[in-house]
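Two forms, one protein chain; structure tokens for each follow separately as structure 1 and structure 2.
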Structure 1
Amino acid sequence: MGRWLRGFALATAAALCGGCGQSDGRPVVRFIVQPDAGGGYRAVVEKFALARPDILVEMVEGPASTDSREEMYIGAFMAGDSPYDVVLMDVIWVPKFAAQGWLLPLDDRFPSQARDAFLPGDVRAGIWDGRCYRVPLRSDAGMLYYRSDLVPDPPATFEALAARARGLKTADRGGFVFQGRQYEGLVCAFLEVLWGHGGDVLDDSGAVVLDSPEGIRALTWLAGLVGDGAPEGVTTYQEEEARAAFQEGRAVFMRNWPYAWAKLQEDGSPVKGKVGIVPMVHAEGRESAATLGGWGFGISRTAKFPDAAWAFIEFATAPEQQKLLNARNGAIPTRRALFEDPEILARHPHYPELFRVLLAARPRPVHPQYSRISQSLQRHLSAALVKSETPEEAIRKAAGEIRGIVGK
């Protein structure tokens, strides 16, 4: 509860609201969003205010980490009368939020014909127990960025990536940077290494298979890079720290989400025109795999104005608003047609390839207890990166804990 109170205080302090608490009798729709660095979310809310002056939308900028924003929503749901009518959800939150009964099903408002316009993985991530709870706003899949001026042909395997990272690092430039801090982003980065080695966390029946030889090889590869092909400091990096290091020329390779592309190419960026982006590498004889990320809107079960909430969700996920978020924040659209939009393609020539990566991106374990599974992974992956557990120990301990959670 203490953690929630802190989150809520932060939310209140950061609230951006037209009339600041005074709704003049208008329905109020409130939601939490990531830090809005490009101003795209604010622009969408402002456009909506012009289109629908009868509804007041309050956008609360939360902390950068998905885990912290999830805690804010959970705290509000557990307290009973959540102040958040619209729930801007990570793909991984839906099973838990839906299973707890915190969300309104959206099947009538968002029927299957409407869903066809969106990327299928993003739609699937909004379904729990046969009902749909989330409208996709922006998609995500992990990618490998590289300095095209230093690396004319990007590596395809883990071995080659490690060799180049070690070979190209200098006193003031690391080789490979990624999200190495103990949080959800580390799980996303690790899963790509795990899947690329042919391993997995759960098998198709839901049983834990993490502690396979592939699982141990995957973590041995990643942990072995820290302090060598990857800078020591990577164990404190979230997305933005990795992006800053790469953008400032302090890394040759980076694992990150596609949003970073737009920032790397901005005028004044030291690496503008010197960046390539490809699917993550894989082990010899295996396939690359990207972790599916992404965000979408649901409606809280306790929303006082579900129709007003829906009006905002429909507006915000429409093509023009997705284009605005793409232009301002580098957010990846979830509407398939936008991957053929000439304006978007002019800015992002690599989108046809990104589209293929998004179609093949793999979900994290889909389970109502996902956050506990993830916390166990976060703890032990991080312990291996900072070398307080060996990779084998870390994998075995995490697998044991996850068996306790899923019961298989």
Structure 2
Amino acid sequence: MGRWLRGFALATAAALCGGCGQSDGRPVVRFIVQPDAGGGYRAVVEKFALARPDILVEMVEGPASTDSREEMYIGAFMAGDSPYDVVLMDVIWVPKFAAQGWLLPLDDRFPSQARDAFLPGDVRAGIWDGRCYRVPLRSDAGMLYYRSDLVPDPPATFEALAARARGLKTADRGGFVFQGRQYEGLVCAFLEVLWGHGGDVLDDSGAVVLDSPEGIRALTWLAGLVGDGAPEGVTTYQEEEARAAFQEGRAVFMRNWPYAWAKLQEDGSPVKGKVGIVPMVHAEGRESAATLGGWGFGISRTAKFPDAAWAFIEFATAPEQQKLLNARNGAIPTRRALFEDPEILARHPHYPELFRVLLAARPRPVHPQYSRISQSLQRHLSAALVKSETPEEAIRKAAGEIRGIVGK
């Protein structure tokens, strides 16, 4: 953590802790949230205040950067007495926070029968070392967008996607765009290709299996598209560059997150009404998979009132509040039944297709050192895309570095 941000996080924790524990005799529960542009989180807190006036919930609106909010939590945990009783976590924070002993296990409060109401990938993302630490609140997953006016029947395999991308490109239109820049988005895009080929980064025991024939085939496929079925410039694309290219008619296929749908359907969008979505394609004989994103609630091990914290988590993740967050903030629900809710479907008629994508969603490698694993993947995947390493070299180098990180 940077010195300034660590100091800010600790100063914030100290300031908040001046009133830690109780206010007017009531338990106080605090958590950090991203800027609440739609007002959904604030509305949930206000509803909880009416339902449970015996508990005071304080929402700390943090910076937009996910990394900065993570560092705020880490700084508070490292200070030894975090003022944040409830922890609103990105999916990739769970193993790091749990391995450090910063979270309370939720198995007794959130048993298997309760988990069955949620999307399976979102539930799996909250489990570390056999214990559950997170209740899913918002889901997210990568998927394949396509121009339904140009592609009446979307491809199902990598071979078919590559052939269509090459066949439909023109002088001013590429075939396939994705997040090809050296950052976390590239890892997310590659994992869908890797899983769709039957490969993985780590096996169930935590051993590195990236440098399998499937792993090499996956990167060979992705790197082989650059400058052919995908434009050369895709190696500089993040989410918004890919979305702009697709929305402006400069691509037929796009790998991106669900947020892009609403932008593609805005009035004035050149592709409004001309877009379909499907799960990312797969190799022959394999299955599609989507890289899981999303957020959920845990409880800090130093929470002074864990029962009050759980009361808020249970309330905030209930169907009514997930519907409210969907309406106000566009948050994708994590409860299965809400994908059949008439009010939600009236706003989001594409949700039946999105549900198929989310059912195939998988967490990124679940390991406390995931950030280092990702950094290694980012370097070598990018090297393969820009042709400074062959796909086989890139996979073998990344696998060797990751073995040094995880020790297997």
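Since we're looking at a predicted model, the values are computed, not measured. For residue numbers, the reference is structure 1: its sequence is counted from 1.
Of the two forms shown, structure 2 is the one predicted on its own. For the conformational change between structures 1 and 2, the C-alpha atoms of Asp107 and Ser269 are best fitted by the superpositions of different rigid parts.
Two rigid parts account for the change between structures 1 and 2, and C-alpha superpositions put the rotation of the smaller relative to the larger at 28 degrees.
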